[in-house]
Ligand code: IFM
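Next comes just one chain, in structure tokens: the form predicted on its own.
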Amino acid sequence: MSSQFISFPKDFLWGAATSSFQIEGSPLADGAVSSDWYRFTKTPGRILNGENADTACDHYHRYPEDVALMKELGLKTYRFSISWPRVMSGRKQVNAKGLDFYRRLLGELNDAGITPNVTLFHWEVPDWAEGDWENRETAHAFRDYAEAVFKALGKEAPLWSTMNEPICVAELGRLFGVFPPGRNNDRTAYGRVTHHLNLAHAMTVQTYRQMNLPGEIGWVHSLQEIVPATSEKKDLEQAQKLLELSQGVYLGVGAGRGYPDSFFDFAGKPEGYREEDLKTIAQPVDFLGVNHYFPTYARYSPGFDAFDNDRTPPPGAPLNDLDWPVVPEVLGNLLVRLWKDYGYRKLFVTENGFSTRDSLRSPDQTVHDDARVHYLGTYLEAAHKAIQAGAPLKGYYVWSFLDNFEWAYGYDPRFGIVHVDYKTQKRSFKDSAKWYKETIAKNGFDRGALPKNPSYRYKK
């Protein structure tokens, strides 16, 4: 074995991840109801090229084929989300056909020996939830939905997450206008949404515990290291502010530390905010899911965006096709810091991956994806170093299993290790899938065998 072979712990969980709206298609089938994202995709000018998720990867009909591909890859675990509007046709109205779809999917996974890791909320809010997350009542409606799912399926999966990246719902929908409801710099709404998402998460954890289910429950966040662009005081202070507003408002509150002052300075105290909520939100969880792709650069620049921050990466930085910087060592630093700062006993990297764009690459480069192989290898190397430093990292989920509908970007970006021909729905392994299959089989990989000149783009 090569001296550069990186070996992972024998019980390490190798997985891949997706989300319901991005792959399932058939968003209104079998009693499912309309959602904020369904309507958003039908609004002119919101989605690149006017695309929508009506078909996506047609996973709603092709899930047995997809699970068979997962088994062929050797996946130990699969992370997916349940669609709230598919399962609940009203506040307390369970759509049995929607639940049955996920029951069948869980059955396929368990029969294949693939551990399900289920996320309850990956951004879709049913239209019947009036005011969506700006309304405190939506947090209670979410708890009711979670209870219905737990009653029906709670024993079918050992790993559950309350929600995926709540920061995106609050920021991208209320401060940057690229997610529903598409508003810009509405700080008041941002504050309410953040608080109600926290409350919904916590009440769901309480419900899971009260039902004495046999598995574990956690939450999943988009987490970056915040890197000051310079050593100037203004950029150092900006980095601290961004850290508080991206992590303190979730992980800090969850750890019982309350909201940082910067949150109230930025958004004001949310309407309907109650001090006793903080005790509810401080629910211990079994694990933290870490979604990480790139560092965030902190450069104080008044008026640049809602946070007065210029995130532009430095010249020469390697980039993916969405202009996200590739800095693998940051993942290792992040995992160690999260473990030390918050005391989590179990971490998963629940998303990590590389985007190519059809508009920037040839079809050959899309399938022979040397940059993705290099990205995954170097980020896994950083994760391995974190394990060696003591971080309790128990598994890794590549984003994503399939090419899929990438929200406001439509179908132009591809994150999948499995290629999807959207016209025929044919699936095929990219080079990255073949590499990942071998990595899983060997429980590690040869660092020296990674592509030598990966086809990254570079910041000018």
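Just so it is clear, the model here is predicted, and its values are computed rather than measured. Residue indices: 1-based, along the sequence shown.
Beyond the structure shown, there is the form predicted in complex with the named molecule, which is absent from this document and is the topic of what follows.
Peer 1: Which one of these stretches, 45-53, 388-396, 430-438, 405-413, sits within 4.5 Å of the named molecule in the predicted bound form when only heavy atoms are counted?
Peer 2: It is 405-413 that comes within 4.5 Å of the partner.
Peer 1: Only one of S83, T77, N164, Q247 has a non-hydrogen atom within 4.5 angstroms of the named molecule in the predicted bound form; which is it?
Peer 2: Here the answer is residue option N164.
Peer 1: Which one, W123, Y190, W160, F101, lies within 4.5 Å of the named molecule in the predicted bound form by heavy atoms?
Peer 2: Checking each option against the named molecule in the predicted bound form, the one that comes within 4.5 Å is W123.
Peer 1: Could you confirm whether Y293 comes within 4.5 Å of the named molecule in the predicted bound form, counting heavy atoms only?
Peer 2: Although the named molecule is absent here, Y293 would touch it in the predicted bound form, with heavy atoms inside 4.5 Å.
Peer 1: At 4.5 Å between heavy atoms, is D369 in contact with the named molecule in the predicted bound form?
Peer 2: Contact check for D369: no, nothing within 4.5 Å of the named molecule in the predicted bound form.
Peer 1: Examine F266 and determine whether its closest non-hydrogen atom to the named molecule in the predicted bound form is within 4.5 angstroms.
Peer 2: Answer no; every heavy atom of F266 is more than 4.5 Å from the named molecule in the predicted bound form.
Peer 1: Just checking whether W324 would be counted as a contact of the named molecule in the predicted bound form - the rule being heavy atoms within 4.5 angstroms.
Peer 2: Taking the distances in the predicted bound form, the answer for W324 is yes, it comes within 4.5 Å of the named molecule.
Peer 1: Can you tell me which residues in 336-351 come within 4.5 angstroms of the named molecule in the predicted bound form, by heavy atoms?
Peer 2: The stretch 336-351, when checked against the named molecule in the predicted bound form, contributes only E351 at the 4.5 Å heavy-atom cut-off.
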